[in-house]
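Encoded as structure tokens, the following chain is the form predicted alone, with no partner shown.
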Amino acid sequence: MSNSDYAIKVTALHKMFGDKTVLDYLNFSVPKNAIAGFLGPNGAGKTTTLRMMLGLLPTPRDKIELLGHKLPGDRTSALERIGAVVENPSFIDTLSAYENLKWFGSLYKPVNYSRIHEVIDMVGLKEATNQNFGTFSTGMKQRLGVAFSLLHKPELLILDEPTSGMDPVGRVQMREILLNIHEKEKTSIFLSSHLLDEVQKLCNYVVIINKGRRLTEGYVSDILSSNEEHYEIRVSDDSIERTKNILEAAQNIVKSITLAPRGFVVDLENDTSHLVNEILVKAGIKVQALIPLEQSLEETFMKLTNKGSNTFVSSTETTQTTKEKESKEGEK
């Protein structure tokens, strides 16, 4: 692709805080019209990268390009075409959602008042149009921040942990909001997150970094494709041990075996599930189910980093505020 096909292009981006290297000549690019997830553990350099993109930290010359504009020289032109929410959205507590967007939106350039109502409706806050910001829940505050970032119809939306502090219902609502924005506004979206299963449901492109370096990037479908297939094999409790022995003996097609509540999860060579089923049946094992499983981003990340620790969290788990965790890791 030519440079004009990229929403974001980062080249050899280097950043140190004191004697600590936060970004180690980081390279990645994001195509236009993508919903892209920016993934990495605490301290990987995600927030630092986003801050440099937006000019909130000093940016080396020509290392970041946004919508074809090179930073820092063409920063103003770039920011005129970008909407962003970095850190927790902060508005005036005693003003309503509408009043906050009218006030802060007009500080940048004249704001179309009908557009205020449009973006409020777009993020699902129509019923709270006249409600004071100080009474908003965490999820409502995040959504108003997204509404503000949309006021001037940006071509690129940059979001830092947009579901931070939300419960599962709030995360689902935010996912639907972003999908709707992408479809209706034709906006490219670049968001950082720790919730890999949420990213997998939302994003079609991902950039994964660790220790300030890129591990991989690309379309989710390409990254998750491999020469392996993943299956859950369900058998009766009294045949667990025999099944395990048979699977271990089929090393030419069974690449890994993990005990599961009702049997095993196995990684197989492509197009060999029928052979595994045949081997088990011939050995007298009653196979109750052979269920294909989709590879997950979390599994891919663990393989890339060769770590067994719980670097990321599932969206069904309770999470700490991302900013608290990243400050502890010294990312900012």
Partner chain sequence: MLRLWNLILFELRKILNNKKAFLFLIVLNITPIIASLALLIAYISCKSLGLGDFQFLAMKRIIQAMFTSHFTIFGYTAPFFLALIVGDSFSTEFGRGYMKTLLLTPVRRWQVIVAKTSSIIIFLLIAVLLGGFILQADLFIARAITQPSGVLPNPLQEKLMDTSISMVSVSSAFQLLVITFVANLMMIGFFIVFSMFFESAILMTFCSIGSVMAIHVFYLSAFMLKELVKWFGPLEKLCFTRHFTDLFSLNIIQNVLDGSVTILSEKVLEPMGFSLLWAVIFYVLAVIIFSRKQVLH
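Throughout, rigid core stands for the largest set of C-alpha atoms superposing within 1.5 Å between the two forms. Just so you know, these numbers come straight off a predicted model, no measurement behind them. Positions refer to the first chain, counted from 1.
Keep in mind that the form predicted in complex with the partner chain is not shown, yet the notes after this line are about it.
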Given a 4.5 Å cut-off on heavy atoms, tell me which of 247-255, 113-121, 89-97, 161-169 is the interface stretch with the partner chain in the predicted complex.
89-97
The partner chain is absent from this chain, but in the predicted complex, do 202, 224 and 293 each have a non-hydrogen atom within 4.5 Å of it?
no
Is residue 182 near the partner chain? Define near as a heavy atom within 4.5 Å, in the predicted complex.
no
is_contact(residue 75, the partner chain) in the predicted complex, heavy atom dist at most 4.5 Å:
yes
Would residue 219 show up as a contact with the partner chain in the predicted complex if we use heavy atoms at 4.5 Å?
no
Hey, in the predicted complex, is residue 136 touching the partner chain, heavy atoms inside 4.5 Å?
no
Contacting member of 71, 177, 84, 125, with respect to the partner chain in the predicted complex [4.5 Å, heavy atom]
84
Go through 285, 54, 34, 67 and name the one with a heavy atom inside 4.5 Å of the partner chain in the predicted complex.
54
Stretch 232-271: residues contacting the partner chain in the predicted complex, 4.5 Å heavy atom cut-off:
none
Rigid-core frame, C-alpha of residue 106, shift of 2 angstroms or more between this form and the one not shown:
yes
Align on the rigid core first; then say whether the Cα of residue 135 has moved by at least 2 Å between this form and the one not shown.
yes
